[in-house]
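Only one chain is shown below, in C-alpha coordinates, and it's the form predicted alone.
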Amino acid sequence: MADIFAEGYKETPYWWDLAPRAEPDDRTPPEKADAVVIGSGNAGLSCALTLARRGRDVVVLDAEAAGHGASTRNAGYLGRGLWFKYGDMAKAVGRERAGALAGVAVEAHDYAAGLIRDEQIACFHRDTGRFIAAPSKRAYDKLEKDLEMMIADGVPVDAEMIGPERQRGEVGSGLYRGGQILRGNGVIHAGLYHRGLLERVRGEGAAVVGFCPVTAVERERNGFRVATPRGAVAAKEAFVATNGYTPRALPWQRRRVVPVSAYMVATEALPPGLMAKVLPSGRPMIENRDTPRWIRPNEDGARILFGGTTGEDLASLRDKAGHLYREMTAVAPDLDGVKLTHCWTGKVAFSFDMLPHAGVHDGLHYAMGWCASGVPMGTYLGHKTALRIVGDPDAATPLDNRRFPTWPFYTGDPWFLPLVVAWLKWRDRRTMRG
(Lines give C-alpha, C1' and ligand atoms only; values in the text may rest on other atoms or scores of the structure.)
Protein backbone atom coordinates (compact mmCIF):
# COMPACT_ATOMS: atom_id res chain seq x y z
CA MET A 1 0.00 0.00 0.00
CA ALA A 2 1.25 3.50 -0.87
CA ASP A 3 1.85 5.94 1.96
CA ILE A 4 -1.60 6.74 3.30
CA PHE A 5 -0.59 9.21 6.00
CA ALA A 6 -0.70 12.97 5.56
CA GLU A 7 2.05 15.16 6.95
CA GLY A 8 1.31 15.82 10.62
CA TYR A 9 -0.77 12.63 11.03
CA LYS A 10 -2.10 12.33 14.60
CA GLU A 11 -3.31 9.51 16.80
CA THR A 12 -5.68 11.70 18.77
CA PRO A 13 -9.36 12.37 18.02
CA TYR A 14 -10.06 14.68 15.12
CA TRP A 15 -12.48 16.52 17.42
CA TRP A 16 -9.65 17.62 19.70
CA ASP A 17 -8.21 19.93 17.04
CA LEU A 18 -11.03 22.43 17.68
CA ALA A 19 -11.74 21.37 21.26
CA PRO A 20 -8.41 20.41 22.91
CA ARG A 21 -8.34 18.62 26.27
CA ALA A 22 -7.24 20.39 29.44
CA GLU A 23 -3.73 19.95 30.77
CA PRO A 24 -3.25 18.27 34.17
CA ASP A 25 -3.58 20.51 37.20
CA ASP A 26 -3.36 20.07 40.96
CA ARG A 27 -6.80 21.26 42.02
CA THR A 28 -8.36 19.40 44.92
CA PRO A 29 -12.06 18.58 45.10
CA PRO A 30 -14.19 20.24 47.77
CA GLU A 31 -14.67 18.31 50.98
CA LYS A 32 -18.46 18.46 50.81
CA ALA A 33 -21.15 18.68 48.14
CA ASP A 34 -24.82 17.94 47.73
CA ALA A 35 -23.98 15.52 44.91
CA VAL A 36 -20.88 13.91 43.41
CA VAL A 37 -20.92 12.95 39.72
CA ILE A 38 -18.33 10.34 38.78
CA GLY A 39 -17.43 10.80 35.13
CA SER A 40 -17.29 14.04 33.13
CA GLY A 41 -18.69 12.83 29.83
CA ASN A 42 -21.98 13.96 28.34
CA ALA A 43 -24.07 12.00 30.85
CA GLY A 44 -22.21 13.31 33.88
CA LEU A 45 -22.21 16.91 32.69
CA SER A 46 -25.89 16.78 31.72
CA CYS A 47 -26.73 15.56 35.22
CA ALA A 48 -24.51 18.21 36.82
CA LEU A 49 -26.08 20.98 34.74
CA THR A 50 -29.62 20.09 35.76
CA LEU A 51 -28.64 19.64 39.41
CA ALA A 52 -26.82 22.97 39.54
CA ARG A 53 -29.81 24.73 38.02
CA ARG A 54 -32.00 23.12 40.68
CA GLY A 55 -29.85 24.73 43.35
CA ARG A 56 -27.64 21.76 44.22
CA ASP A 57 -23.94 22.07 45.03
CA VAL A 58 -22.28 19.65 42.59
CA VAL A 59 -18.76 18.32 42.06
CA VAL A 60 -17.81 16.29 38.97
CA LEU A 61 -14.77 14.00 39.19
CA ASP A 62 -12.86 12.35 36.36
CA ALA A 63 -9.74 10.18 36.21
CA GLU A 64 -8.52 12.06 33.12
CA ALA A 65 -9.18 15.44 31.53
CA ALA A 66 -12.84 16.35 31.40
CA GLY A 67 -14.36 14.51 28.44
CA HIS A 68 -11.28 12.39 27.81
CA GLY A 69 -13.40 9.31 27.08
CA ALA A 70 -16.00 8.41 24.48
CA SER A 71 -17.85 11.74 24.70
CA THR A 72 -15.07 13.35 22.64
CA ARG A 73 -14.10 10.22 20.69
CA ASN A 74 -17.42 9.15 19.15
CA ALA A 75 -18.68 9.58 15.59
CA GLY A 76 -20.76 12.66 16.38
CA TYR A 77 -24.09 11.04 15.48
CA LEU A 78 -27.21 12.41 17.16
CA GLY A 79 -29.55 9.52 16.47
CA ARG A 80 -33.14 8.55 17.28
CA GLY A 81 -32.73 4.82 17.76
CA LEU A 82 -31.20 2.05 19.82
CA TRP A 83 -28.60 -0.53 18.82
CA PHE A 84 -31.18 -3.28 19.32
CA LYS A 85 -33.08 -3.59 16.01
CA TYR A 86 -36.82 -3.15 16.47
CA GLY A 87 -37.90 -6.60 15.35
CA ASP A 88 -35.30 -8.30 17.54
CA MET A 89 -36.26 -6.09 20.49
CA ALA A 90 -39.94 -6.92 20.02
CA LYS A 91 -39.11 -10.63 20.16
CA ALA A 92 -37.05 -10.13 23.32
CA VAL A 93 -39.36 -7.86 25.34
CA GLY A 94 -42.71 -7.84 23.50
CA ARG A 95 -44.03 -5.30 21.04
CA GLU A 96 -45.62 -3.00 23.62
CA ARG A 97 -42.40 -2.75 25.59
CA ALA A 98 -40.35 -2.41 22.41
CA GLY A 99 -42.54 0.50 21.31
CA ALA A 100 -41.99 2.26 24.64
CA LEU A 101 -38.22 1.76 24.47
CA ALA A 102 -38.07 3.00 20.88
CA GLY A 103 -40.06 6.04 21.96
CA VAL A 104 -37.49 6.80 24.66
CA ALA A 105 -34.76 6.86 22.00
CA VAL A 106 -36.74 9.51 20.11
CA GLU A 107 -37.21 11.50 23.34
CA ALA A 108 -33.46 11.31 23.99
CA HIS A 109 -32.65 12.73 20.57
CA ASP A 110 -35.20 15.51 20.94
CA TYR A 111 -33.92 16.43 24.39
CA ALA A 112 -30.30 16.67 23.24
CA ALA A 113 -31.22 18.57 20.08
CA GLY A 114 -33.36 20.94 22.15
CA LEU A 115 -30.52 21.48 24.61
CA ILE A 116 -28.17 22.41 21.76
CA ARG A 117 -30.74 24.85 20.44
CA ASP A 118 -31.78 26.40 23.74
CA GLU A 119 -28.24 26.69 25.10
CA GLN A 120 -26.91 27.85 21.72
CA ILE A 121 -24.10 25.31 21.86
CA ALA A 122 -21.96 25.96 18.78
CA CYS A 123 -21.20 22.38 17.74
CA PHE A 124 -22.14 22.37 14.03
CA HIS A 125 -25.41 20.54 14.72
CA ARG A 126 -27.16 19.67 11.46
CA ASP A 127 -30.38 17.73 10.95
CA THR A 128 -29.05 15.60 8.10
CA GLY A 129 -30.97 12.39 8.49
CA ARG A 130 -29.12 9.13 7.98
CA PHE A 131 -28.81 6.45 5.31
CA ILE A 132 -28.85 2.89 6.64
CA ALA A 133 -27.25 0.79 3.92
CA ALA A 134 -28.34 -2.80 3.33
CA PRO A 135 -25.47 -5.09 2.23
CA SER A 136 -27.91 -7.75 0.98
CA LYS A 137 -31.55 -8.25 0.08
CA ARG A 138 -32.02 -10.09 3.38
CA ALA A 139 -30.71 -7.04 5.27
CA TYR A 140 -32.96 -4.78 3.16
CA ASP A 141 -36.03 -6.92 3.88
CA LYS A 142 -35.31 -6.83 7.61
CA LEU A 143 -35.04 -3.04 7.55
CA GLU A 144 -38.33 -2.82 5.70
CA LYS A 145 -40.09 -5.22 8.07
CA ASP A 146 -38.79 -3.37 11.13
CA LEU A 147 -40.03 -0.07 9.69
CA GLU A 148 -43.48 -1.53 9.04
CA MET A 149 -43.64 -2.82 12.62
CA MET A 150 -42.60 0.54 14.06
CA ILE A 151 -45.24 2.38 12.06
CA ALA A 152 -47.89 -0.17 13.09
CA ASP A 153 -46.87 0.20 16.75
CA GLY A 154 -47.07 3.99 16.69
CA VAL A 155 -43.35 4.64 17.07
CA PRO A 156 -42.63 8.19 15.85
CA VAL A 157 -40.43 7.46 12.83
CA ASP A 158 -39.98 9.29 9.53
CA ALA A 159 -38.26 6.96 7.09
CA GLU A 160 -38.50 5.50 3.60
CA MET A 161 -36.98 2.52 1.88
CA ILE A 162 -35.01 3.06 -1.30
CA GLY A 163 -34.07 0.30 -3.68
CA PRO A 164 -30.72 -0.42 -5.32
CA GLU A 165 -31.56 1.82 -8.25
CA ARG A 166 -31.61 4.88 -5.95
CA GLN A 167 -28.87 3.85 -3.55
CA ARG A 168 -26.04 5.61 -5.37
CA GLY A 169 -27.81 8.87 -4.67
CA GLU A 170 -26.82 8.27 -1.03
CA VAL A 171 -23.40 6.60 -1.11
CA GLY A 172 -21.03 6.08 -4.02
CA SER A 173 -20.57 2.35 -3.53
CA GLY A 174 -21.48 -0.83 -5.31
CA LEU A 175 -21.62 -2.86 -2.10
CA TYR A 176 -25.24 -2.28 -1.14
CA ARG A 177 -28.71 -3.39 -2.17
CA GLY A 178 -30.53 -0.21 -1.25
CA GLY A 179 -31.41 0.81 2.28
CA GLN A 180 -33.41 3.18 4.41
CA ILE A 181 -33.37 6.95 4.67
CA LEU A 182 -34.07 7.81 8.31
CA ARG A 183 -35.00 11.44 8.81
CA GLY A 184 -35.07 13.54 11.96
CA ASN A 185 -31.60 12.78 13.29
CA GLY A 186 -28.33 14.52 12.69
CA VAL A 187 -24.66 15.08 13.34
CA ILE A 188 -22.59 17.24 15.67
CA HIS A 189 -18.96 18.08 16.35
CA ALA A 190 -18.45 15.80 19.35
CA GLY A 191 -15.67 17.85 20.92
CA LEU A 192 -17.47 21.18 20.70
CA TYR A 193 -20.70 19.67 22.02
CA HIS A 194 -18.92 18.38 25.11
CA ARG A 195 -17.08 21.67 25.56
CA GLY A 196 -20.40 23.52 25.39
CA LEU A 197 -21.81 21.35 28.18
CA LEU A 198 -18.65 21.81 30.24
CA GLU A 199 -18.76 25.60 29.91
CA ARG A 200 -22.38 25.72 31.00
CA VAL A 201 -21.81 23.41 33.97
CA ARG A 202 -18.93 25.56 35.20
CA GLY A 203 -20.97 28.68 34.48
CA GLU A 204 -23.55 27.40 36.99
CA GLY A 205 -20.88 27.15 39.68
CA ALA A 206 -20.33 23.37 39.66
CA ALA A 207 -16.79 22.12 40.27
CA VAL A 208 -15.35 19.88 37.55
CA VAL A 209 -12.09 18.30 38.72
CA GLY A 210 -10.08 16.32 36.20
CA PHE A 211 -7.11 13.99 36.69
CA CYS A 212 -8.70 12.99 40.00
CA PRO A 213 -9.67 9.30 39.85
CA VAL A 214 -12.21 7.85 42.25
CA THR A 215 -10.57 5.10 44.30
CA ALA A 216 -13.49 4.11 46.55
CA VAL A 217 -17.16 4.92 47.17
CA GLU A 218 -18.37 4.17 50.68
CA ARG A 219 -21.86 4.41 52.15
CA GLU A 220 -22.18 6.62 55.20
CA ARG A 221 -25.09 7.47 57.46
CA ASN A 222 -25.94 10.64 55.55
CA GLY A 223 -24.81 9.67 52.06
CA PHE A 224 -21.47 8.75 50.54
CA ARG A 225 -17.76 9.26 50.98
CA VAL A 226 -16.08 9.38 47.58
CA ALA A 227 -12.32 8.90 47.92
CA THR A 228 -9.68 10.24 45.52
CA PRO A 229 -5.87 10.61 45.72
CA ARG A 230 -6.44 14.32 46.43
CA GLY A 231 -8.90 13.89 49.25
CA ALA A 232 -12.44 12.64 49.83
CA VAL A 233 -15.77 14.29 49.08
CA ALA A 234 -18.75 13.75 51.38
CA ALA A 235 -22.08 14.01 49.57
CA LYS A 236 -25.69 13.05 50.11
CA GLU A 237 -26.04 11.71 46.56
CA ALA A 238 -23.66 10.17 44.04
CA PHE A 239 -24.07 9.34 40.36
CA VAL A 240 -21.97 6.90 38.31
CA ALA A 241 -21.60 8.06 34.69
CA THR A 242 -18.46 6.19 33.61
CA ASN A 243 -19.84 3.78 30.97
CA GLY A 244 -16.91 2.14 29.09
CA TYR A 245 -14.37 3.62 31.52
CA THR A 246 -15.88 2.27 34.76
CA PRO A 247 -13.08 1.70 37.32
CA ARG A 248 -12.56 -1.21 39.68
CA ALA A 249 -13.67 1.05 42.52
CA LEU A 250 -17.23 0.54 41.21
CA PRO A 251 -17.41 -3.26 40.88
CA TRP A 252 -21.21 -3.67 40.65
CA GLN A 253 -21.47 -1.25 37.72
CA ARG A 254 -18.24 -2.47 36.11
CA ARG A 255 -19.58 -6.04 35.95
CA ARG A 256 -22.63 -4.93 33.96
CA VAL A 257 -21.05 -3.22 30.98
CA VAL A 258 -18.69 -4.56 28.34
CA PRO A 259 -16.14 -1.95 27.19
CA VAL A 260 -15.43 -2.26 23.47
CA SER A 261 -12.82 -0.32 21.50
CA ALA A 262 -14.21 1.60 18.53
CA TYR A 263 -12.01 3.18 15.88
CA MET A 264 -12.20 6.06 13.43
CA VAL A 265 -10.06 7.86 10.87
CA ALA A 266 -10.27 11.31 9.31
CA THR A 267 -9.07 12.15 5.83
CA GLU A 268 -7.33 15.23 4.55
CA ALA A 269 -9.50 17.84 2.80
CA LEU A 270 -10.93 16.24 -0.33
CA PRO A 271 -10.42 17.53 -3.85
CA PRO A 272 -13.37 19.54 -5.24
CA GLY A 273 -16.34 17.38 -6.18
CA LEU A 274 -15.13 14.22 -4.45
CA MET A 275 -17.49 14.50 -1.48
CA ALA A 276 -20.43 14.65 -3.92
CA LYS A 277 -19.29 11.33 -5.39
CA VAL A 278 -18.86 9.62 -2.03
CA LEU A 279 -21.94 10.97 -0.20
CA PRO A 280 -24.08 12.69 -2.84
CA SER A 281 -26.92 13.60 -0.45
CA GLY A 282 -24.59 14.76 2.32
CA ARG A 283 -26.20 12.30 4.71
CA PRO A 284 -24.01 10.10 6.90
CA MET A 285 -24.21 6.37 6.25
CA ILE A 286 -24.08 3.35 8.53
CA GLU A 287 -24.43 -0.26 7.47
CA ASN A 288 -27.24 -2.53 8.64
CA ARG A 289 -24.87 -5.18 10.02
CA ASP A 290 -23.86 -6.58 13.39
CA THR A 291 -20.34 -5.23 12.75
CA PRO A 292 -21.12 -2.04 10.81
CA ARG A 293 -18.93 0.49 9.07
CA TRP A 294 -19.97 4.13 8.99
CA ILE A 295 -19.00 7.19 7.02
CA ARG A 296 -19.90 10.87 7.30
CA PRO A 297 -18.72 14.32 6.24
CA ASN A 298 -16.95 16.43 8.84
CA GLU A 299 -18.48 19.68 10.10
CA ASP A 300 -17.71 21.72 6.97
CA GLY A 301 -18.10 18.96 4.41
CA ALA A 302 -14.42 19.01 3.41
CA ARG A 303 -13.26 15.70 4.92
CA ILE A 304 -14.50 12.17 5.42
CA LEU A 305 -14.76 10.59 8.87
CA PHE A 306 -14.89 6.80 8.71
CA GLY A 307 -15.23 4.13 11.37
CA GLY A 308 -15.61 0.41 11.76
CA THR A 309 -14.03 -2.90 12.84
CA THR A 310 -15.20 -2.21 16.40
CA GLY A 311 -13.77 -4.61 18.94
CA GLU A 312 -11.00 -5.84 16.63
CA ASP A 313 -7.86 -4.73 18.44
CA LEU A 314 -4.58 -4.48 16.56
CA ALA A 315 -1.02 -3.94 17.77
CA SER A 316 -0.97 -0.21 17.09
CA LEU A 317 -3.18 2.62 15.90
CA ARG A 318 -0.98 2.97 12.84
CA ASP A 319 -1.78 -0.64 11.91
CA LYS A 320 -5.42 0.06 12.62
CA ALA A 321 -5.34 3.10 10.35
CA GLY A 322 -4.12 0.92 7.51
CA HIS A 323 -6.89 -1.59 8.19
CA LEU A 324 -9.53 1.14 8.26
CA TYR A 325 -8.14 2.67 5.07
CA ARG A 326 -8.70 -0.62 3.26
CA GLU A 327 -12.23 -0.82 4.66
CA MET A 328 -12.95 2.79 3.70
CA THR A 329 -11.80 2.38 0.12
CA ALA A 330 -13.76 -0.87 -0.16
CA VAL A 331 -16.90 1.07 0.76
CA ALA A 332 -16.04 4.15 -1.32
CA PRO A 333 -13.42 3.35 -4.01
CA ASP A 334 -13.29 7.01 -5.07
CA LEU A 335 -11.37 7.70 -1.83
CA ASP A 336 -8.38 5.63 -2.92
CA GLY A 337 -5.35 7.90 -2.83
CA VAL A 338 -6.74 10.29 -0.22
CA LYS A 339 -4.50 10.52 2.84
CA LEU A 340 -5.37 10.16 6.52
CA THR A 341 -4.77 12.92 9.05
CA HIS A 342 -6.08 11.19 12.21
CA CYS A 343 -6.73 7.75 13.63
CA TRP A 344 -8.14 7.32 17.13
CA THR A 345 -9.98 5.00 19.41
CA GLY A 346 -12.41 5.19 22.32
CA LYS A 347 -14.40 2.76 24.43
CA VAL A 348 -18.11 2.31 23.93
CA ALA A 349 -19.92 0.06 26.40
CA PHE A 350 -22.56 -2.55 25.70
CA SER A 351 -24.87 -4.09 28.25
CA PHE A 352 -25.58 -7.80 28.15
CA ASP A 353 -29.18 -7.18 27.06
CA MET A 354 -28.13 -4.58 24.46
CA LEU A 355 -30.16 -1.78 26.06
CA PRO A 356 -29.22 1.30 28.12
CA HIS A 357 -29.86 1.20 31.86
CA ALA A 358 -30.56 3.79 34.54
CA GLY A 359 -31.49 3.40 38.18
CA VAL A 360 -30.25 3.13 41.75
CA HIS A 361 -28.22 0.33 43.34
CA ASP A 362 -27.43 0.42 47.05
CA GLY A 363 -28.31 4.13 47.05
CA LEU A 364 -25.91 4.91 44.19
CA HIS A 365 -27.43 6.36 41.02
CA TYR A 366 -26.17 5.12 37.66
CA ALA A 367 -26.85 5.47 33.93
CA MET A 368 -24.76 3.48 31.46
CA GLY A 369 -24.63 0.79 28.79
CA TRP A 370 -25.32 3.17 25.90
CA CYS A 371 -24.72 0.53 23.21
CA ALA A 372 -23.43 3.18 20.77
CA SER A 373 -26.27 5.66 21.42
CA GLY A 374 -24.40 7.67 24.04
CA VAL A 375 -24.61 11.22 22.69
CA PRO A 376 -28.40 11.55 22.89
CA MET A 377 -29.05 8.84 25.47
CA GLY A 378 -26.28 9.91 27.84
CA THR A 379 -27.42 13.53 27.70
CA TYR A 380 -31.05 12.54 28.28
CA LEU A 381 -30.53 10.00 31.06
CA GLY A 382 -28.03 12.27 32.80
CA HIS A 383 -30.77 14.90 32.93
CA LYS A 384 -33.36 12.35 34.07
CA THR A 385 -31.03 11.11 36.82
CA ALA A 386 -30.72 14.67 38.12
CA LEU A 387 -34.50 14.91 38.21
CA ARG A 388 -34.64 11.64 40.18
CA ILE A 389 -32.11 12.99 42.66
CA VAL A 390 -34.17 16.12 43.32
CA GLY A 391 -37.42 14.14 43.54
CA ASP A 392 -39.05 15.43 40.36
CA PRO A 393 -41.79 13.01 39.16
CA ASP A 394 -40.83 13.76 35.55
CA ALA A 395 -37.69 11.68 36.11
CA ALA A 396 -39.30 8.36 35.18
CA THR A 397 -38.43 6.56 31.94
CA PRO A 398 -39.08 3.00 30.68
CA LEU A 399 -35.35 2.32 31.09
CA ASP A 400 -35.34 2.81 34.87
CA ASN A 401 -34.47 0.08 37.37
CA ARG A 402 -34.83 -2.75 34.90
CA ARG A 403 -32.93 -5.94 35.63
CA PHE A 404 -29.31 -5.12 34.78
CA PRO A 405 -27.76 -8.49 33.89
CA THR A 406 -24.17 -9.68 34.02
CA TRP A 407 -22.36 -12.99 33.51
CA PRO A 408 -21.01 -15.29 36.21
CA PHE A 409 -17.37 -14.52 37.05
CA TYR A 410 -17.30 -11.45 34.79
CA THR A 411 -15.44 -8.58 36.48
CA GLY A 412 -15.28 -6.00 33.67
CA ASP A 413 -12.42 -7.39 31.57
CA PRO A 414 -14.08 -8.80 28.41
CA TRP A 415 -11.82 -11.77 27.68
CA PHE A 416 -14.58 -13.21 25.51
CA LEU A 417 -14.77 -10.25 23.13
CA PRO A 418 -12.71 -11.79 20.26
CA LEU A 419 -15.07 -14.76 20.24
CA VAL A 420 -18.13 -12.51 20.16
CA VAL A 421 -16.72 -10.39 17.33
CA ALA A 422 -15.89 -13.53 15.32
CA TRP A 423 -19.44 -14.80 15.81
CA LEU A 424 -20.97 -11.47 14.76
CA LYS A 425 -18.78 -11.37 11.65
CA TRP A 426 -19.92 -14.90 10.80
CA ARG A 427 -23.55 -13.77 11.14
CA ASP A 428 -22.82 -10.83 8.85
CA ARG A 429 -21.31 -13.11 6.21
CA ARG A 430 -24.37 -15.32 6.34
CA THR A 431 -26.69 -12.33 6.06
CA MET A 432 -24.78 -10.93 3.09
CA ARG A 433 -25.33 -14.14 1.17
CA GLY A 434 -29.06 -13.45 1.11
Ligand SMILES: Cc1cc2nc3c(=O)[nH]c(=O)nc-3n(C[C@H](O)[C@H](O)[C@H](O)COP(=O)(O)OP(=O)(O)OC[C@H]3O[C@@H](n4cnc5c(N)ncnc54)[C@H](O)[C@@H]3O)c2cc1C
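Each residue number is its position in the shown sequence, starting from 1. Because the structure is a prediction, the values reported are computed rather than measured.
The same protein also has a form predicted together with the named molecule, omitted here; what follows describes it.
Checked against the named molecule in the model of the complex, the residues 124, 325, 111, 245 give one hit for a heavy atom within 4.5 Å, which is 245. Within 4.5 Å of some heavy atom of the named molecule in the model of the complex lies at least one heavy atom of residue 74. The named molecule is not drawn, but in the model of the complex it has a heavy atom within 4.5 Å of residue 373.
Residue contact check for residue 264: one or more of its heavy atoms lie within 4.5 Å of the named molecule in the model of the complex.
At a distance threshold of 4.5 angstroms between non-hydrogen atoms, residue 385 is out of contact with the named molecule in the model of the complex. Here the chain stands alone, but in the model of the complex its contact with the named molecule, taken as any heavy atom within 4.5 Å, falls in 54-62 among 27-35, 400-408, 386-394, 54-62. Scanning 129-152 for heavy atoms within 4.5 Å of the named molecule in the model of the complex gives no residues at all.
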